[in-house]
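Only one chain is included here, represented as structure tokens and corresponding to the form predicted alone.
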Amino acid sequence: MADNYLERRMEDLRSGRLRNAAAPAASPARKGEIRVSFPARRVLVTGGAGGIGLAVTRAYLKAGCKVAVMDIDREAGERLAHDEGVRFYNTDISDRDALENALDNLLTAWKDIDIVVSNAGISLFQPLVESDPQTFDHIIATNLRPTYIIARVWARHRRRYPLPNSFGGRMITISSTRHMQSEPGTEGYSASKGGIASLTHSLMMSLSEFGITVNCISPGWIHTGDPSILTESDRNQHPSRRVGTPDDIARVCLFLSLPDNDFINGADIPVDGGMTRKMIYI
């Protein structure tokens, strides 16, 4: 777990209370760039220490939010806590007790959560004839069940402590275009991501009484490694003529978190460069 001193220090730096610390010069905006600045929203990102989750974490930090990260990668999470001031929970979210304990700790510390990005997940692909039910269950327990548990704990907290919150809240789930299109051997992953897309509109109804909107993002090919390994055919097969980046997902998260965007609710937003709308026959 992050040292609370680090969290307080980062909060002081962002608010300007530490005058003796040299503030970094603001970089000029790039052409077409939209910068977002929120009040001190309290944001939870699962799987927030790497890949898409890390880009989401950094986007909310840059927008002035307090961010808590739950991740199984202790080294990456502790480095993120030390360097960037997040509140880190080294948590295996497939373990119900561990997840609920971390959530209880966070809600005690913060009193409430404003935004949840339920992002953590695993990709385990096996030929169907070689697969086993235990692996299938583990994928479901890691990719799908935590979204339900987080929503349940959050709703019970809001019911128990009905503090006024004009913002309401945002829950953003991360599915995949594989819940709409598949390849062989992806049964567990596709089922978990399809479950997330369906759970999203169910939670939209259940969390409505608390003013919390629930939306789903379905990424396509999001490359988190070295971009130099991508080929021209990798890029050109996409109607957008490029492969996706984690920042593409982070920007949609910020957009859905804007206070005036509460009329977007229960949506499943593909972010895939157009691939799910591309007709392909061989």
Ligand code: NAD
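Everything numeric in this text was worked out from a predicted model, so none of it was measured. Start at 1 and count along the sequence shown; that's the residue number.
Omitted from view is the form predicted in complex with the named molecule, to which the following refers.
Practice item. Could you tell me if all three of E100, T200 and G266 have a heavy atom no more than 4.5 Å from the named molecule in the predicted bound form? Key: So, no: the whole triplet misses the named molecule.
Review point. Contact between V116 and the named molecule in the predicted bound form at 4.5 Å, heavy atoms?
Key: Judged by the heavy-atom cut-off of 4.5 Å, V116 is well away from the named molecule in the predicted bound form.
Review point. Is there a heavy atom of N236 no more than 4.5 Å from a heavy atom of the named molecule in the predicted bound form?
Key: Close contact is absent here: in the predicted bound form, N236 is far from the named molecule, nothing within 4.5 Å, heavy atoms only.
Practice item. Report yes if any heavy atom of G121 sits within 4.5 Å of a heavy atom of the named molecule in the predicted bound form; otherwise report no. Key: Close contact exists here: in the predicted bound form, G121 approaches the named molecule to within 4.5 Å, heavy atoms only.
Review point. Wondering, does T224 line up within 4.5 Å of the named molecule in the predicted bound form on heavy atoms?
Key: Flag for T224 set to yes.
Point to revise | Contact residue in the predicted bound form, from I172, L207, I93, L106 (heavy atom within 4.5 Å of the named molecule) | key: Of the candidates I172, L207, I93, L106, I93 is the one lying within 4.5 Å of the named molecule in the predicted bound form.
Practice item. Would you mind picking out the stretch of 250-258, 42-50, 226-234, 58-66 that comes within 4.5 angstroms of the named molecule in the predicted bound form, counting non-hydrogen atoms? Key: Among the candidates, contact is made by 42-50.
**Study point:** Heavy atom contacts to the named molecule in the predicted bound form at 4.5 Å, residues of 192-223 in sequence order
**Key:** Contacting residues: K193, P219, G220, W221, I222.
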